[in-house]
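Okay, so here's just one chain, in structure tokens, the form predicted alone.
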Amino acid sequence: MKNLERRSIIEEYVRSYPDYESDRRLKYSISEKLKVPPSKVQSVVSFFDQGNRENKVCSGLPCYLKGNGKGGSSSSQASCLGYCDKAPVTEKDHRFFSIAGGETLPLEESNKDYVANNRQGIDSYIATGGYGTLIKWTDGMDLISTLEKTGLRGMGGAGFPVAMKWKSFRSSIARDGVLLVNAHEGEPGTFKDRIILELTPHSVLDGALLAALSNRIRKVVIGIKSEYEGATFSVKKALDEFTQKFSPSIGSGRFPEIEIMSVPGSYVTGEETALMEAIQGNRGEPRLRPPFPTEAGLYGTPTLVHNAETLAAISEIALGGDFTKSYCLTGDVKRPGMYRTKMGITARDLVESSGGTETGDLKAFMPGGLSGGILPLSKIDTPLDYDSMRKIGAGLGTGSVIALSRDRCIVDIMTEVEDFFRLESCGKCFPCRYGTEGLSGLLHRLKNGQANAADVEGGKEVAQTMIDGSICALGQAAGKVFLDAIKHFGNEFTDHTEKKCEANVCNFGRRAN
């Protein structure tokens, strides 16, 4: 099924929903209109979140830490709305609000007018050297040796070396390939791609075109999370500006064709193969591998996948310099936000210099969002880079640091983390489907004083099975972060089996002696 058909199903369903008394009747109507089987309509509609028909309350960890609950009868729960630095956040009728001091205030940054007035236009970008390498590009030019020297890794979470990915793509390509720009972030604490696309869209477009020309790619697809309306607007504006400036016939000349798509879906849809499935009109579920995307990706074509921040880094490197890393900082800090610096800043420096918070006030931190694991304060001086994090058994992930203060209960925090993974699991594979449900249930029982030490040991076995058997990183990360929490904060789990909570936040409410 073509991508337009997939978008039509979602758009028709959302647009027509209020006018239909029967949801079943509506799905048959769409089936007849689009000439697709009713089962296809049901499959697509049942996967993608249609909560935009209701008010949304963000229950992602940064919003939970700032006081957001699970919503009420008039609200639906959103795992992450993408404005984690403004937590707690809600959405109503496609407008975003931040709750501060008991007041619900419009979130200025979420308005298109704000994006339009603050984004970098093409003339400003060119004045700083932007598109410089692209303008001088000739056949035979290649960035791969430069990328190898800089050691650039993909910044979407996996940290795979970019030059190695390009070599894999080139070795498998037998026909025109595709570059897929993955701008479908959805992990609580991660919002850097949204800001980059909204405010500096030309850096991403520049990097995408350089990657395409280096790898002889004639088609670029930019898949942006549907909630990121400001980002979609800004990137479309950037493409218009570029086309007017350089090429009235982009796609038929020296530059590849570029398609910008707004793609719905939850956190798991940001996994690269799940994003491909969503674009192709299917449920946004991860694929089994092999084949890998560089062999058979979007529409079965060899596909090179990069996230927005990686492409912005490529455009920096092409100008002859080094690249910067965008770190997101949220949680128990005074100044949450996105901070750009050299790769390898320590969590202490990030929290203190950027976040304005003494690290002595913390108990723990998550170095790479929920999927990067959880670490005790004793690891706060470890550089936030891929190799350093790996050496201490953690992951940098997207570089989204979540700080946790001394008065936090780790069991309570882990309950929210595993609830997120349970809600976001696509359910395709057995270990993730049942494992996330099992770990979430165990943690809720611990909070209620209804689990014992044997239950915790059983949870450890479930977590290891998830790591070993899950198809994609969601199930693997859900298992690993649970084991990390027990490794570093096992005493708190033991306390909870004895109905004690040192932080005095759990339901049995008895402080440890």
Ligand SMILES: Cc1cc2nc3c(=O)[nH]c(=O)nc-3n(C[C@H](O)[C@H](O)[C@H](O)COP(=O)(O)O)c2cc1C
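Here the structure is a predicted model, which is why all the values come from computation and not from measurement. One-based numbering along the sequence shown.
Just so you know, the form predicted together with the ligand exists too; it's not on screen, but the next bit is about it.
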Self-check item: Exercise: residue 165 in contact with the ligand in the predicted bound form, heavy atom 4.5 Å
Solution: yes
Exercise. Look up in the predicted bound form whether residue 310 has a non-hydrogen atom within 4.5 angstroms of the ligand, and give yes or no.
Key: yes
Quiz item: Heavy atoms within 4.5 Å of the ligand in the predicted bound form: does residue 184 have any?
Solution: yes
Self-check item: Distance check, residue 267 to the ligand in the predicted bound form, heavy atom within 4.5 Å
Solution: yes
Quiz prompt | the ligand in the predicted bound form: contacted by all of 44, 263 and 277, heavy atom 4.5 Å | solution = no
Quiz item: Here the chain is shown alone; which of 351, 195, 443, 305 has a heavy atom within 4.5 Å of the ligand in the predicted bound form?
Solution: 305
Quiz item: Considering 332, 272, 91, 419, which brings a non-hydrogen atom within 4.5 Å of the ligand in the predicted bound form?
Solution: 272
Quiz item: For the chain seen here without its partner, which of 320 to 328, 294 to 302, 151 to 159, 109 to 117 has a heavy atom within 4.5 Å of the ligand in the predicted bound form?
Solution: 151 to 159
Quiz item: Can you name the residues of 218 to 239 that have a heavy atom within 4.5 Å of the ligand in the predicted bound form?
Solution: none
